[in-house]
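Consider the single chain below, provided in structure tokens and representing the form predicted alone.
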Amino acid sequence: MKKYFKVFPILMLSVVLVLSACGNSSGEANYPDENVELIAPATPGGGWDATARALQNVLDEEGFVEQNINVENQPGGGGEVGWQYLSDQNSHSLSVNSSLILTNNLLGQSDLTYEDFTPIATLATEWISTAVPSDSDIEDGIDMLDRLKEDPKSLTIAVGPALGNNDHLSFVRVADEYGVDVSELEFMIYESGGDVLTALMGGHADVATMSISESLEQHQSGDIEILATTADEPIEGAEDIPTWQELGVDFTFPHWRGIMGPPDMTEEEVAYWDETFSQMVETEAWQTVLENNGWQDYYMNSEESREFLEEQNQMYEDLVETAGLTD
């Protein structure tokens, strides 16, 4: 009997340790074990908000995540407010991102970089168009570039809402690729894509650069003419619009959106989202989201997204310098 009582505490301690280890493993395996927050770093109605709410709907309707998923709008500073907020959250908060997570830092507007977060996925892209008024005498994209190469100030180019965004930098890149002196280009800055479109249709600008979703309807109605897009292949339903590659300029430029998490997420937590998003992007519901928004599939998992962000950051660093936006 005495021997039994000596052994019993050791047995009990072993049981406690085993149960504790199992509990830790179960906690990791049960991630997420609280509500999931999807941060849209902008006001309702924009691209980031649309992305967050589309993810919320598809993940919920398809039953990929058992916990509640809530969209939290954190507008301000071109994403800065939302991303500062994310940096202080735990792994149950994720945020929509885009190239602004790179350019905000490169332009000196934020101390945050993509390296301050955990890449989760790259999900979709839309492409950028270059357009002219319907009565323009510019024949095509190459004619436009030839004119700018001969005289960079010969055409006014509408862009919004500021220099340094994708609409602006994509135009700078294709012009630079063609040999135009981009430091001399005449950009006219408007508050929004809608204002850019209005200026173009009103004849207040010779050329405009904007997302294809902002210009396609007016192109199809004959109000403007899209000269080219930054897409890597003809856009479905708009095959009449050439890509820059088809015009002979070796150039593509995605306007991508993805998802990232706070710093220091575990490998297991990242693996959970890799599995979840890789399945989600294959669903009919997600394909419908892409079609309804004029987006194209651009899925990359966490590791691929990390490499993509590194490549994009280097590209944008070079491009910002080329555009003359650095001190």
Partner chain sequence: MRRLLDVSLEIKINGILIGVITLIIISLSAFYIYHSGNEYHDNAERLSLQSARTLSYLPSMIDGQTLNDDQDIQNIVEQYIFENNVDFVIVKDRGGEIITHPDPSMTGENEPYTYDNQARIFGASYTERTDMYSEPAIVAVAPIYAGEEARQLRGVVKVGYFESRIHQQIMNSLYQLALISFIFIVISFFISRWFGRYIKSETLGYEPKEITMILKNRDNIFSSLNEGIAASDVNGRIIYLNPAAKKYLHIEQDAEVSELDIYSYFDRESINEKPDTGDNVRYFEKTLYDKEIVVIINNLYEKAEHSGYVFIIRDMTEMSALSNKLNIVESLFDDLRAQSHEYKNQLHLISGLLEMDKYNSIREVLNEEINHLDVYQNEFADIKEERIKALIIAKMNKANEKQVNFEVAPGSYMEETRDNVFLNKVITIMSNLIDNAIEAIAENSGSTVQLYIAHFDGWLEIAVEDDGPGIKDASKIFTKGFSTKKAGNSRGYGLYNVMTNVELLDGHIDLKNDGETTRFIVELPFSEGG
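Please read these numbers as outputs of a predicted model, since none were measured by experiment. Positions refer to the first chain, counted from 1.
Although not depicted, the form predicted together with the partner chain is the subject of the following passage.
*Asks:* Would you check whether the partner chain, in the model of the complex, lies within 4.5 angstroms of a non-hydrogen atom from each of L169, V182 and I189?
*Replies:* Checking in the model of the complex: L169, V182 and I189 are all within 4.5 Å of the partner chain.
*Asks:* Of 238-246, 224-232, 105-113, 83-91, which is the one stretch near the partner chain in the model of the complex, taking non-hydrogen atoms within 4.5 angstroms as near?
*Replies:* So the stretch in question is 105-113.
*Asks:* Taking the partner chain in the model of the complex as the reference, which of L216, L163, L100, V71 has a non-hydrogen atom within 4.5 Å?
*Replies:* By the 4.5 Å criterion, the partner-contacting residue is L163.
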